[in-house]
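One chain is shown next in structure tokens, namely the form predicted on its own.
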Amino acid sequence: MKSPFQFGGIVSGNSFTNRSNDIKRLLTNFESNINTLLLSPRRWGKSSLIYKAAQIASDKNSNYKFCFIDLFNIRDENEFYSVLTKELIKVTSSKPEEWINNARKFLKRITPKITIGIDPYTDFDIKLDVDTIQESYSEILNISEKIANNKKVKIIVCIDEFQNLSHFNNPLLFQKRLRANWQHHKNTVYCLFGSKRHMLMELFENKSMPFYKFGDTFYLDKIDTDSLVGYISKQFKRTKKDIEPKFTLEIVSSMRNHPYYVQQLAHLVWINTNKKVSKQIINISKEDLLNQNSILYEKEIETLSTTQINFLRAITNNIKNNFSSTKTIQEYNLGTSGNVIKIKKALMKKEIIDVINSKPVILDPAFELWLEKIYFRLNK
């Protein structure tokens, strides 16, 4: 039997949980031509949320065309222009012949190099001449608006890992180019998001950056406990397996409502259960989860200094006093109060911790559990 829980990719169908208010907010932004700047830690379900909202919007209105771009493997400005052009042409044209005609139609000053393989739907590619790109970048950045006006559609451009443009040559100039052109669009809406929250905060919330106040800055919260508990219970019942409320609550609370890890732990509990969940099955499943992720966590630890590891130990011990207090610094060998500030900034930059309600927290609940149950016990 197929597991009723999904993780590690886009979560959809019966495995997509709640987020009704977040979906409503996105749909309102799409309809109102308000750009969205979505911020959250890794694996909180940003992509799944946006794909779900896109599906709902497209089902309601066939004139909505969603263009998805991932900057993860895009390393420079010129490559971005080629990918943007290709994806916009594909989502607004119904067949390969139309792709070619529209590429030439909407790029007047640029002659694109078009490649079509055996399967045009998967082997279609557009390359733009590097020399002419820099002369005509504005034409490329406005192609979505030209297409939208010509075809009487609304285009929503969704860009994942948006923070990666910081690695481009002269990223500030590139951001200025994007903002200068995109801010005038009436029939194109932009949804920008990524997995490096603090880098995105610098792009979206720094008054000196081009994308400051570009749209609705949207902080994604965790899914509430009641919704997750109800979802897990429903999925077990649907597959004719029994789980008591106390065990669904333990799955959620032990993973601190983290969508990815709640799904993963629930999946492990489900596959370890024949008919009814027991406390032993819960414990075995937690061990399985930690074992599956231990190699990744060991590599993570290898990148940290001794004082950074000591700081994480203090967090797992749930100390109540100030991290810069003399007692804490001495007990956990953190150096000086100035060094504590540097440690905190370094761990935040690595997206290992964040500060919530003035208290440092480890973002990955399974990593925290691994530190507490395995690493720190072996390294006392």
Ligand SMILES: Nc1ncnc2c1ncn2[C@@H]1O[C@H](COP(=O)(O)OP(=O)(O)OP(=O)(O)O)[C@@H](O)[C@H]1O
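Quantities reported herein were computed from a predicted structural model and do not represent experimental measurements. For every residue, the number given is its place in the sequence shown, counted from 1.
As for the form predicted in complex with the named molecule, it is not shown, yet the points below apply to it.
Listed residues Phe168, Tyr297, Tyr260, Phe204 were compared with the named molecule in the predicted complex; Tyr260 is the one with a heavy atom within 4.5 Å. This chain lacks the partner; the member of Ile223, Ile251, Ile126, Ile243 within 4.5 angstroms of the named molecule in the predicted complex by a non-hydrogen atom is Ile223. The stretch in contact with the named molecule in the predicted complex, judged by heavy atoms within 4.5 Å, is 33-41, chosen from 307-315, 54-62, 33-41, 330-338.
In the predicted complex, the named molecule lies farther than 4.5 Å from every heavy atom of Asn29. Contact check for Glu161: a heavy atom falls within 4.5 Å of the named molecule in the predicted complex. Contact check for Thr273: no non-hydrogen atom falls within 4.5 Å of the named molecule in the predicted complex. With a 4.5 Å cutoff on heavy atoms, Ser3 does not count as touching the named molecule in the predicted complex; it lies far away.
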